[in-house]
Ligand SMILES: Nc1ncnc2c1ncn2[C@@H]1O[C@H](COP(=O)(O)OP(=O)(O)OP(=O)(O)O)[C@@H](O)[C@H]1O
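Encoded as structure tokens, the following chain is the form predicted on its own, with no partner shown.
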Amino acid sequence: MSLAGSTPNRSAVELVDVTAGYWTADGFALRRFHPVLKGVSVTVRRGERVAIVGESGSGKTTLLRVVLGVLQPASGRVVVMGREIYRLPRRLRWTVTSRIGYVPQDPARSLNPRLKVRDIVMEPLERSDLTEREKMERVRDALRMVQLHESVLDYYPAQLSGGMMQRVLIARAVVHEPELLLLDEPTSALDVSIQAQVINLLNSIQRKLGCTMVVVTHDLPVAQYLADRAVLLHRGAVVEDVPFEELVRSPKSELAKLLIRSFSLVTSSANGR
């Protein structure tokens, strides 16, 4: 007997002709729909590392919200870990989304300033059947994965540097050993000197957990270090979906050509110093 919303597809994420956006008020008793994603189809296989790349407003974060189960699309199918999540009752949707780890974009705004690090990292374990002792061991393991000392457990976010806050966010995202890890601009709020450390850390965690990793970013070099495949979004539509090697060797869309040309200019400038 099949479960509601189930599908034999073994992909981690599958979006099929998804249109999604937001409603705004437009005069008295009227609402207008503003599409952000427009007929997007993307498949991410289990264990794959994929980057969703695009300029501001291209729909990258909206795509993550759809996959996270918090923004129901106007049309199309959304399959996460083999289940059509928007066909599931809300009370059951968490059985799928609880297998996702999510790192939001801005560490300073994403961490509750009133909670200590121990409570922040433990949050995804609240609904688990683990004992309190087991939960704390998971928290300590997560801190070790992100290379933070246990002493930060009693810190508040305001006592942490930007790089440490980002590591706490990552620890919270992986403490429950997710099957799917979603990252929203994971290095954009960091100094260049810290970015490389976080990139290496994320790749190490992905290898250790064997999870699927999807990162959204406007930064092509960052995407290339964190993923094997690029999905380029432009004005809410997919314009390329290829391995990075093919993208760099033979870009087809104007967006890809612009991103690669910009990266070449930055590289040339840095090498000329």
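No experiment lies behind these values; they were computed from the predicted model shown. Start at 1 with the first residue shown and count on from there.
Form predicted together with this ligand: not shown, discussed below.
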Just one of 203-211, 40-48, 239-247, 60-68 has heavy atoms within 4.5 Å of this ligand in the predicted complex; which?
-> 60-68
So in the predicted complex, does any heavy atom of Val36 sit within 4.5 Å of this ligand?
-> yes
Gln105, heavy atom within 4.5 angstroms of this ligand in the predicted complex | yes
According to a 4.5 angstroms non-hydrogen atom cut-off, is Glu185 in contact with this ligand in the predicted complex?
-> yes
Could you tell me if Tyr22 has a non-hydrogen atom within 4.5 Å of this ligand in the predicted complex?
-> yes
